[in-house]
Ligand code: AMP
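Take a look at this one chain, the form predicted alone, written out in structure tokens.
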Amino acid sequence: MPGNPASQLMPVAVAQERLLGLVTPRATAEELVPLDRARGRVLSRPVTARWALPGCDNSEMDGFAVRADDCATASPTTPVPLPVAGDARAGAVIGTLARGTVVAVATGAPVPLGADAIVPIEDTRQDGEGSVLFLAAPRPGQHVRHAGEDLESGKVMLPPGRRLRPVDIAACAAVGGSSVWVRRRPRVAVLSGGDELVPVGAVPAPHQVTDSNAAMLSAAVAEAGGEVIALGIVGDSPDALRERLHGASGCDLIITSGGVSVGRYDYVGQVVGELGSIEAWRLAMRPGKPLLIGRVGDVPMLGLPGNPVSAAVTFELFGRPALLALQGASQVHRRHVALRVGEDLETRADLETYLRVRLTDASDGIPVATLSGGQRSSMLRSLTDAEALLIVPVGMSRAPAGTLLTGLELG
């Protein structure tokens, strides 16, 4: 396995670019899916409006549709009385408003032809049977949602590369889409390595460990839009590892956990070097320094550390972006947010450090980050209690309380 001196540890951002350079979506790998199965998928084609939004001028208030110049002199001291010529409700068709009359309208109701303003109910009062007193002069266009104001017919509502959220599904439905073209789900082989591992559900002996990484990675892959191909557990044997990796041919990405460090029984680097190539190994980060990026044949491969926290953190920084890139997503990295350190911290200056933190609100709007527990890479509890990863950059060994840094909010 290649060896890098500490001075040659690769920066996180460089390693991310190396991996993203290996994963590209297949131009023709798309499918048409109904909206009820489209959440979380990435659009491969734009969604365009089949009709305008809204489809006609309608009211944004409960009140009265008027011609603005009919009550231009209205005020609380000089109210203007006008007869009510009709009632418009949402979903109903209404005709033309005669001059000198008004129509009662509900929110969302079409505005009659000839009307150019809506007067809210609170700016009126009843004036006997069939008449209303107007207490305020409306501006032309007041409280009217104009046809096509939100989106004109034929215009793009959502561009390719958008990962669909529930609100995006609503937008698709609103402009006439019942199905959308999305990228095919990437096929991701997930493999755990280590003689000490036992499957989930088995009772481990004191010297054994439950393979929690496979469960975590399978769930994380599915959340990021991938289809999991479970390769199970492989022991600390180069021959067994070689054979199992051959079973990942045809996949879009291979993700392993364990066996990427420099121990006597860490064979991932050796086998990947034999079967393909190594693009990056050993990063200037903590947790997750012994991470491997390469290819097995022509399949991109990401070798994560075996410690559960390291595996989870490195998947967030590398696995998730790679999966989104495979789907052609326009945004593959989680958004960085400003965080204020809530306690004095000390870290290694030569490593970019990702600390598990809880967040509390502050008066200045910048959340305050405090450690969620122990920070060893084997301590899973502090990750389950964390709301974000606080990033302490390379070159900083101390971050006193009050220091402004950035972090990644965890979903």
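Heads up: residue numbers just count along the shown sequence, starting at 1. Fair warning: this is a prediction, and the values are worked out from it, not measured in the lab.
There is another form of the same protein, the form predicted in complex with this ligand; it is not shown, and what comes next is about it.
Peer 1: Considering non-hydrogen atoms and a 4.5 Å limit, which listed residue (D266, D116, D123, D150) is close to this ligand in the model of the complex?
Peer 2: By the 4.5 Å heavy-atom cutoff, the listed residue in contact is D266.
Peer 1: Looking at G288, P300, G258, G328, which is the one with a non-hydrogen atom within 4.5 Å of this ligand in the model of the complex?
Peer 2: Residue within 4.5 Å of the partner: G258.
Peer 1: State yes or no: in the model of the complex, is some non-hydrogen atom of T314 no more than 4.5 angstroms from a non-hydrogen atom of this ligand?
Peer 2: Residue-level check for T314: no, no contact with this ligand.
Peer 1: Evaluate P110 for contact with this ligand in the model of the complex, applying a 4.5 angstroms cut-off between non-hydrogen atoms, and reply yes or no.
Peer 2: Result no; P110 lies far from this ligand in the model of the complex.
Peer 1: So, D252 and this ligand: in the model of the complex, are they within 4.5 Å at any heavy atom pair?
Peer 2: No, D252 stays farther than 4.5 Å from this ligand in the model of the complex.
Peer 1: Is there any non-hydrogen atom of V209 lying within 4.5 Å of this ligand in the model of the complex?
Peer 2: V209 belongs to the contact set for this ligand.
Peer 1: For the three residues D36, G40 and G225, verify that every one has a non-hydrogen atom within 4.5 Å of this ligand in the model of the complex; reply yes or no.
Peer 2: No: no residue has a heavy atom within 4.5 Å of the partner.
Peer 1: In terms of non-hydrogen atoms within 4.5 angstroms, which of the given stretches 240 to 248, 185 to 193, 127 to 135, 168 to 176 touches this ligand in the model of the complex?
Peer 2: In short, 185 to 193.
Peer 1: With this ligand taken in the model of the complex, which residues across 372 to 411 come within 4.5 angstroms through any non-hydrogen atom?
Peer 2: Nothing in the stretch sits within 4.5 Å of the partner.
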